[in-house]
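Shown here is one chain on its own, the form predicted on its own, set out as structure tokens.
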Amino acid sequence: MEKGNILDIDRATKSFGGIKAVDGVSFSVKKGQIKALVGPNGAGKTTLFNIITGLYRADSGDVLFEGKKLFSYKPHELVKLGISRTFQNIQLVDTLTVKENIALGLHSKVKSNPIYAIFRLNRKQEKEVFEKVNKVSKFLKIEEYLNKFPNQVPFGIKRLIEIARALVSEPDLLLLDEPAAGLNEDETEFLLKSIFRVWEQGISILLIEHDMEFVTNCSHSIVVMDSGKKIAEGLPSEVMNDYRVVKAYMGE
């Protein structure tokens, strides 16, 4: 692991039914960096995210977070280490308020089931939990929605609720899986500003995204995957002019 890296992926490989979804991929995320992972559909991006967060076990290779091998940890234990993530498909609990959904991000801080814990906290615990919820919601400028239910808020706000839930545990590394998917132009612009504000708090970010304009506007470095392999890595200006990247997206 190179000094200054928060995340190192070393020759990670994962196959499903003989098809290599991730094929010997290696790259690093430096501390204080926004790094983007891009590629056409089926490139293996989300599979790699799932390897990093323990939802899949790699067939070979390593993933290290600040020098610790992650494969020995269960997915819920990664939050305690300082890793949090969002998902491509929004995963909010419709029967809980926005405030309660955000509080679920603190599940690693309590010993019982997170849903149960929300309603069975003692007064001191409840105060501490919702102080953190209020703080992160104010930071993301969504505090006006806290007492609403997910089906009562705009789609773009749902994306921010997921990010708030990931941030409430105070991670060192935030993984965002297609955060701009489905957003309109105004929502995308607001999200971009929000990501920069998160980064300004010293949080390193690794994101998957299809919106190339969004990626080039927010990333310090880009990794490109195609058919499970890493085909390019570098500054946005370099990567976007790379023949291999143009070929992967546009064909010959």
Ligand SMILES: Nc1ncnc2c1ncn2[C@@H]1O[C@H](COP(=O)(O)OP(=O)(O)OP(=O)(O)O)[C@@H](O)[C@H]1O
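Sequential numbering from 1, following the sequence displayed. All values derive from a computational prediction rather than experimental measurement.
One more form of this protein should be noted, the form predicted in complex with the ligand, which is absent from this view; the next part is about it.
Of the stretches 35-43, 212-220, 60-68, 182-190, only 35-43 has residues with a heavy atom within 4.5 Å of the ligand in the predicted complex. Remark: residue 19 counts among the residues lining the ligand in the predicted complex, judged by a heavy atom distance of 4.5 Å or less. Using a 4.5 angstroms limit between non-hydrogen atoms, residue 47 touches the ligand in the predicted complex. Using a 4.5 Å cutoff between non-hydrogen atoms, residue 27 does not count as a contact of the ligand in the predicted complex. With a 4.5 Å cutoff on heavy atoms, residue 88 counts as touching the ligand in the predicted complex. The single contact residue among 143, 178, 126, 172, judged by any heavy atom lying within 4.5 Å of the ligand in the predicted complex, is 178.
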